[in-house]
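Let's start with one chain on its own, the form predicted on its own, as structure tokens.
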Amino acid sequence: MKILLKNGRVLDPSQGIDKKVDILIENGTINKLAESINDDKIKETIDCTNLLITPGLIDINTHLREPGHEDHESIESGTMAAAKGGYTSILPMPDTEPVIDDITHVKYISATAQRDALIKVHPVGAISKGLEGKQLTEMGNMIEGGAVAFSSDKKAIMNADLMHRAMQYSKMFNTTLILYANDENLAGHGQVNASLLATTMGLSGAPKEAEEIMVVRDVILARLTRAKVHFAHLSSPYSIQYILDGKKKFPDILSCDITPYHLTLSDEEIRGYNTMAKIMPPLRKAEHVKKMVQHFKDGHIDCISSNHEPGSDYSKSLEFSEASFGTIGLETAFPACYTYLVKTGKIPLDKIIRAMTSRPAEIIGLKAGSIKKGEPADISCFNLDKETLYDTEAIVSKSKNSIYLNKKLFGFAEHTICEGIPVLKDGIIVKKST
């Protein structure tokens, strides 16, 4: 089977490519890149005129709800949303019911993905049993079952000794720990960023220092053990500075990511008690967002993750203090970054693409993130010129809790190809045949 992508602008930061190139895909792999390709045996030609072609996006932090809450999101619907967003690989967190904390559950994710997923699903195992932070899981067994990394998810491991042992254990298997930095004792039951705005609105605040304290602790432990540690969805510019200090001596073991909304939106979004803006970590002050943008521009932040968190309409319709945390993000991650950061001149496009392709692949050790001959044909094509209203009708995810709901965005995907198979064509999902 041959597919030709023709007349598109190819941007692949991993190879320093940014030019008009045709791409020939054959039997699931990239066969040829050239200024002009013609082949009589091509089955399908996709005209990519005025489209941006990139390596398939990789999400290092996705929340799917299968098993346990398939009514919010299943592996099938979550990978449909991912394909709509231009993703070809995602790492679902282990916060399901039951928690992904043993080899049986890892194999369940892999088997279900094999059957239902439109794109590649790389399971992430829990660091501790039940994500309770009390007993370590059998990482070696889960790696045998297909786990590519391990995470504490939204439940930070408060016990420093347990975290120390987790790092020692993970280093034995040369795997990455994806950590959520949050001192639960300090953050308490915070609903939003601790600020005058929170006080004025009568909402409990979670200070950014709760994140910073845990970052400092785990940077120290990572330096002690030489374990590979990735900090997920950071929100404080001071957290980044502490990681930078750690990288000076050990640049290859520490990395971090940020969400599009922590780069583009401030805590002003909560005005009017907007529950769509109730997320964790909370949106911070505009001045902190500006500093995070500068950190990203300077190359201090490695990746952009969607932190896709599906939730029910009902859970977001409650009063603010009772409403659930989280926002979906797979479909809007690139469009939000392009609209708010690239079009405004704040961040160059190639830095955004690298943070969503080759860099997460490097951190986890995936064979992905580049458009190179002989590599798997994981490719996405985006329309940078078309403005789209992201309303409930446009959402592919089962859940509609988007912080960008009813906002106009540029840069939605037109085509997504995973291992040579089109899963999004002209903006429409191509469902997996059964």
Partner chain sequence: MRHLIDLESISKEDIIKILDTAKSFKEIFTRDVKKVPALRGKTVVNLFFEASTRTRNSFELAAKRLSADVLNFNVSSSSVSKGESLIDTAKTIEAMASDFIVIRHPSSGAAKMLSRHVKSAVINAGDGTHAHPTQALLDIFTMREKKLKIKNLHVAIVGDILHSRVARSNLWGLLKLGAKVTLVGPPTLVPRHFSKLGVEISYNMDKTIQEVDVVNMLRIQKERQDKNYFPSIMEYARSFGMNEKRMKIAKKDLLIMHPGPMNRDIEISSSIADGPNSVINEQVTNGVAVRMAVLYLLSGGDGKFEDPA
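Residue numbers count along the first chain shown, from 1. Remember, predicted model here, so these are calculated numbers, not experimental data.
Not pictured, yet referred to below: the form predicted together with its partner chain.
Proximity to its partner chain in the predicted complex holds for all of A194, T200 and E319, with the criterion being a heavy atom within 4.5 Å. With the partner omitted here, the residue from P251, G272, G299, G345 that has a non-hydrogen atom within 4.5 angstroms of its partner chain in the predicted complex is G272. Of the candidate stretches 70-78, 319-327, 125-133, 333-341, only 319-327 has residues with heavy atoms within 4.5 Å of its partner chain in the predicted complex.
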